[in-house]
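Coming up, as structure tokens: structure 1 and structure 2, two forms of one and the same protein chain.
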Structure 1
């Protein structure tokens, strides 16, 4: 029931005016009525980030191979790798995942975090693989976002790999097989 007129607004941006001073009252008692001073402050960092024991997963993506891990003591499959089993604590070995999976669930993001805003609308998908109970989060490409419906669940999908690896989980994405 919002009125259309209420939605009219000049877009807010983050550039401000450089300000070197503000008016100041003679009477200090007036200071409690002062408006807050709001400034723009930047904060940026480069991290030297290691994938540690999970590094082979990203090496796999760079070489067009999709890897998970399998527990050497109970056989549990971790689609997104864990080097130690979340079921029994046993050590896992690397394995290649099947060449095809199915859509377990998905969404279309029309908004997002600042980093991904320029890519909207994009589709997120959780892919299930035969023989595994865990899932893989990825992007789904080649589906018209306006056709989003529960009927997409169960459809077959296959991985595709970026030619120039960025060593990120988006080096792989999924498309419909059918």
Structure 2
């Protein structure tokens, strides 16, 4: 005589999406006309990210300071920090950038990533700093994008920092000093 299998059931929980009273036709031929079931489910993950050699740059932003690096061999100043010089390969040291720069060029963005889509149009500038060989890409606030003109090139700007740092490059933005 064969032994009957036990009914094994998974435990029921109230976690996740729970549907009640899902309509179901008596006649299976009506299933083709059934509306799709639509649920809203939260999806999230935890992602561990290391800022590695750029950690001092982001710590600076969180403390209202804009940092770059200077080559200890040739003196080349990188606005976007580098561990080693892109000119000679020498080791670089951290330095604070000037409190003011100039607009090298700009663009008005009419489309953006999901994060900035609600803010379009917005302006991006390449900022040059005295003594630095590279430029910094950042947002320009306080200027109406519809009134942007080439007159902005060469204007002085100063960095501003978000009060609540997100440890992103967007923690710093620029405003006109004039």
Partner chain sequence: MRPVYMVSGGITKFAKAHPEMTFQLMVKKAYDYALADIGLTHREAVDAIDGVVASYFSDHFTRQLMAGIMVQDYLGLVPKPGHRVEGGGATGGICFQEAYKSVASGVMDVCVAYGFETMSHVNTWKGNEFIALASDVNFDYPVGGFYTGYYAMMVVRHMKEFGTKVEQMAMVSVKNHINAYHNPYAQKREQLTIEDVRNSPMVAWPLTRLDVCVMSDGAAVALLASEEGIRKLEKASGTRLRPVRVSGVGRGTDSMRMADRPHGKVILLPHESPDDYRGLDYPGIHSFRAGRMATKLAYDMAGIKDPLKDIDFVELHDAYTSSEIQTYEDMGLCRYGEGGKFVEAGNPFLPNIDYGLKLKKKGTIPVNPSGGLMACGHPVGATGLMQAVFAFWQVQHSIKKHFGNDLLQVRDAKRGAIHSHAGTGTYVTVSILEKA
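Residue numbers count along the first chain shown, from 1. Throughout, rigid core stands for the largest set of C-alpha atoms superposing within 1.5 Å between the two forms. Here the structure is a predicted model, which means the values were calculated and not measured.
*Asks:* These are two forms of one chain. I'd like to know which is the form predicted together with its partner chain.
*Replies:* Structure 1, not 2.
*Asks:* Answer yes if the CA of residue 24 moves 2 Å or more between structure 1 and structure 2 after aligning the rigid core, and no otherwise.
*Replies:* Shift of 2 Å or more: yes.
*Asks:* Could you state, for a rigid core superposition, the Cα shift of residue 44 between structure 1 and structure 2 in Å?
*Replies:* Its C-alpha shift, to one decimal, is 8.8 Å.
*Asks:* Look at the Cα of residue 115 between structure 1 and structure 2 with the rigid core superposed and state its shift in Å.
*Replies:* Residue shift at the C-alpha: 3.9 Å.
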